[in-house]
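Below you'll find only one chain, the form predicted alone, shown as structure tokens.
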């Protein structure tokens, strides 16, 4: 495997054709499992959850870990996507694909409108504002008769996709989310996002169009979060205000990114696998699950502040498919 050494002579970036081939092979193997239904139904349900959490966590990580825009309101797009799919499939009798497209479109439109207001704030003020907006939408849907108020809406997709089809769609959303984040961060826009994360004022001073960069990231995050949430809620079969717009969604994404490694592409992948299996184990301890997850998060922040992936990269001095644009110097 090709190994390139940075100017500091310490960190190795494993970002070569063999690594790309390995990643493609893993993805093809996962598609094969979904197509052929080799895995049991229960195993495929776990896979679906992992794929969807990875997609949503990659988006939250793009906002917070790479751009410095810590959002506490991503559940807004989850709720909007769920209700859009419910209206499209149950009331308008449209297909799942059209329902997902409607959810993505509504989420993008809302994110564009909110950007005009929320981008005036920074830091914790922006974080709190995103959470408040999500809470406002929850109250609106709680009192909106058209969508069933507090009773919510049943999602009826006809014909209902088989589990292997849902698995394929979920995997596709997951792969697309990872690829989009990776390619975006390897461009000049990615440099601008990292500069904004470190110092918004300094980034603006060197020519970064802060508003345009923020807008791009928020729209991408809204679109992929809505796409993943659509499948998630279709799988559940129902959406109601307290679940669709619950801050517990964002809490889960924060746990995944913090434990896996904020500011790394691999972090949300590792964190999602851990989170899904922890959920299954902690389901045996009702009432204690959130406490246990909170303790794990605190311990991770104290002893592994860069998360599992970030700490391994720091300790072992390597970075797989780095999202940074390094300038390499040829060795003589």
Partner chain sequence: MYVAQVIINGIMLGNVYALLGVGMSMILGIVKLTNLAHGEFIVLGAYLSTVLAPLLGIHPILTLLITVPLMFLLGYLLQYLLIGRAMKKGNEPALLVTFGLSVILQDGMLMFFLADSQHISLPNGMGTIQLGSLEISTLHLMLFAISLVTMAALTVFLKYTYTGKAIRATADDADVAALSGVNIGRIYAIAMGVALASAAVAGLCVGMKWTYDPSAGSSYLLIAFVVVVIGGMGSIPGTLVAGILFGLAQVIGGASYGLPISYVLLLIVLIVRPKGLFGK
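All figures in this text were calculated on a predicted structure; none of them were measured in a lab. Residue numbers count along the first chain shown, from 1.
Quick note: we don't show the form predicted in complex with its partner chain, though the next part is all about it.
Heavy atoms of no residue among 29, 160 and 182 are located within 4.5 Å of its partner chain in the model of the complex. With the partner omitted here, the stretch from 150 to 158, 97 to 105, 213 to 221, 243 to 251 that lies within 4.5 Å of its partner chain by heavy atoms in the model of the complex is 243 to 251. Comment: its partner chain is not present in this chain, but in the model of the complex one of 38, 283, 301, 43 has a heavy atom within 4.5 Å of it, namely 301. Taking the partner from elsewhere, residue 64 is found to have a heavy atom lying within 4.5 Å of its partner chain in the model of the complex. Contact between residue 288 and its partner chain in the model of the complex is found at the 4.5 Å heavy atom cutoff. Residue contact check for residue 70: one or more of its heavy atoms lie within 4.5 Å of its partner chain in the model of the complex. For residue 125, a non-hydrogen atom is located within 4.5 Å of its partner chain in the model of the complex, even though that partner is not displayed. Contacts with its partner chain in the model of the complex, taken as any heavy atom within 4.5 Å, map within 122 to 140 to 124, 125, 127, 128, 129, 131, 132, 135, 136.
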